[in-house]
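To begin, one chain is listed below as structure tokens, in the form predicted alone.
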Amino acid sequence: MIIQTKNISKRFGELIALDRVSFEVEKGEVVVIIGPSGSGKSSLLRCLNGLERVDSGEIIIDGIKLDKDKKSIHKVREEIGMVFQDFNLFPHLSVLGNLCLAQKVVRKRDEQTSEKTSLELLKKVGLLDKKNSFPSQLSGGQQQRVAIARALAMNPKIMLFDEPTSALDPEMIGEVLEVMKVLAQEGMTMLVVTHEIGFAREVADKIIFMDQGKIIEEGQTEVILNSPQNPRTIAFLSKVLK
């Protein structure tokens, strides 16, 4: 198991964001997390890479226990790439500059190595011709593909996607999902928070349904989508599968 969570809980004041959440992810597995807004999906991803600290419970990433020790947080973040819904690109840097920066600062790669890796990844996501463009000159779909390439440049073992297509126009969603499908086919371990049920049906090995900070139901994709057992899951899917 490359990811293990054991009874993790997280509060923000009176709000219970995560309530004793436990699950495991195998290496190479694609897990899609679904659920209504405010169900704890994004909080879960942020806890997995140390952006938020859990109040109780245990997170183990590739054998590393994530605790308050900064060394463990740094080690875990080296293993994980994260893609947010709002891209988070540096507006003052070119596409190539966005990809090279963290490689040089965090991975301590030289300019030549960073640039070579970046160009290979831009080709992979179909944006080699945009290497000298700035984020403001790109469409939303292009910006998100740059963000994915930037995360991949760090050679992560795990990719976390937090609603990567929710800020995109409908015609741009497909181009981002295609890049993610390729990653899945190549064996990348992925956790994806998304409302794109078609993507989940095609790519996910497992689906987790969350509500009010809890895992309500989890299982193989076809089982959850076609034969959910929990009434809450059934009600949610009846609305999103229309």
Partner chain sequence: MPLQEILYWISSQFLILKNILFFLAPAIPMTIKLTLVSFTFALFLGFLVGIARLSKNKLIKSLSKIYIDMIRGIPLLVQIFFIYFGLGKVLNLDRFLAGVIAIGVCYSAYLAEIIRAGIQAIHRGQYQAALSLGMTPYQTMRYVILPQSFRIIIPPVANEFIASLKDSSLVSIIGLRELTRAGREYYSQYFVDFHTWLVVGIIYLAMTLSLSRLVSFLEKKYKVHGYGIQH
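These numbers were taken from a predicted model, which means no experiment stands behind them. Numbering follows the first chain given and starts at 1.
Unshown form predicted in complex with its partner chain; subsequent notes refer to it.
- Although the partner is absent here, S136 is a contact residue: one of its heavy atoms lies within 4.5 angstroms of its partner chain in the predicted bound form.
- Taking the partner from elsewhere, L119 is found to have every heavy atom lying beyond 4.5 Å of its partner chain in the predicted bound form.
- In the predicted bound form, no heavy atom of S42 sits within 4.5 Å of its partner chain.
- Under a 4.5 angstroms non-hydrogen atom cutoff, its partner chain in the predicted bound form has A102 among its neighbouring residues.
- Taken together, the three residues H74, R77 and M82 all lie with some non-hydrogen atom within 4.5 angstroms of its partner chain in the predicted bound form.
- Contacts between 75-114 and its partner chain, taken as any heavy atom within 4.5 Å in the predicted bound form, involve R77, I80, M82, F84, D86, F87, N88, L89, F90, P91, H92, L101, A102, V105, V106, K108.
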